[in-house]
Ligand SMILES: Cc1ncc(COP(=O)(O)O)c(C=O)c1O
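Taking the form predicted on its own, here's one chain by itself in structure tokens.
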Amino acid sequence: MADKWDGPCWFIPGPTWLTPAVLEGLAQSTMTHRSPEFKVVMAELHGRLRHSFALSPTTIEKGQQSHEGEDGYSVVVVSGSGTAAMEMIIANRFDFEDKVLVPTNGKFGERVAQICNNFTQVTHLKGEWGREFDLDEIDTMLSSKQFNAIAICHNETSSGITQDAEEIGKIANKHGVSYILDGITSVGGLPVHPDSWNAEAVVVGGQKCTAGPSGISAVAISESYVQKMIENREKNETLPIYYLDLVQALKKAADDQTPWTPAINLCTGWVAALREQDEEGIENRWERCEMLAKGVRSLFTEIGFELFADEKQRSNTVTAILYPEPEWGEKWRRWMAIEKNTHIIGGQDHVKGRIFRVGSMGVTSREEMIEGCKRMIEGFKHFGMKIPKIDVESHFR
């Protein structure tokens, strides 16, 4: 790769850059979803997704149960965004008698709570955006034995914080409750370990850390999840699901298929993205995302900016930064897109106009991030900020 980046800079925390190989994958010739050719695609997709989820390795060969592994987890592809996959996980596993605790500190955790509210009895433990969960409070609430499960958004891109998923898993296991993880923006970019964390189910979105296309997602589910899902199905003959029926999806996955017509070209595009992920190595990708995020945090802190999320749990796939001058912050962001071809996203809901967010997921390179940070500094100077000369490269070594 060239030492200097001279193209657009894209720091949106999903959808991320699609590489030429992924675009070529999306442009594959039409095939039927019941053909041997498509079974080859699905087998590889299942096998490589297991790497994304850091599950036990398996084959990528057709007809070899590539979706399953020795750890007891199965992977299922969903023709829909991560939100559809999260709904699938909740709707198939629980019913209206189940009580689910959902602690939140951002927009997407609140979405998890909203999904759960449609299918279960939810206790929404609504915290301040960007502030870490009170694990003692969660421990105390789960110790009451009134909850069947806890569900969290692992990596909260709206506020730039990553939850202590491992510790929450230990608490859930201690109290015998199911642990559900929205890993839409963490799987593939951050260490996620469903097995050792005792997570019954984990969700990933294609267009986030795995740098695949939008509109496709996947779930990883444990043997315990499958057993309880089947028990729920036997208890409730009429569930409010059809297209997102995970029992049918799991049966078809065993034959390298999907129950309904899938997003065929999104599957071929995602396979191409996962090949690049595996060529880089999943742990190397985690390390690159961490290096980029640490560089962004270090650089902007040196300049004098304040970071939004709690220090010990700042995300390595997106950094939330407070605007130095909120009255022109959003003007700066729009100016950056038009004048500098550099794309950054702003805040949501009550933090709109207060923060901007710099993504460091997918295939974002060191060269792109360095050039983008230089352009951002130029933009801030354009709006009147006094910024001393700074060695941007030194923050990304």
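In this text the structure is predicted, and so the values were computed from the model without any measurement. We number the residues from 1 along the sequence you see.
One more form of this protein should be noted, the form predicted together with the ligand, which is absent from this view; the next part is about it.
- Only one listed stretch (116-124, 255-263, 176-184, 136-144) carries heavy atoms within 4.5 Å of the ligand in the predicted complex, and that stretch is 176-184.
- In the predicted complex, at least one heavy atom of Arg111 sits within 4.5 Å of a heavy atom of the ligand.
- Not displayed here, the ligand is kept clear of Gly188 by more than 4.5 Å at the level of heavy atoms in the predicted complex.
- In the predicted complex, the ligand stays beyond 4.5 Å of every heavy atom belonging to Val202.
- Contact check for Ala151: every heavy atom lies farther than 4.5 Å from the ligand in the predicted complex.
- For the three residues Arg297, Thr317 and Thr364, a heavy atom within 4.5 Å of the ligand turns up in the predicted complex in no case.
- For the candidate set Gln207, Gln277, Gln163, Thr104, a heavy atom within 4.5 Å of the ligand in the predicted complex is found for exactly one residue, namely Gln207.
- Shown without its partner, this chain lists Thr268, Asn92, Ser79, Thr157 as candidates; in the predicted complex, only Thr157 has a non-hydrogen atom within 4.5 angstroms of the ligand.
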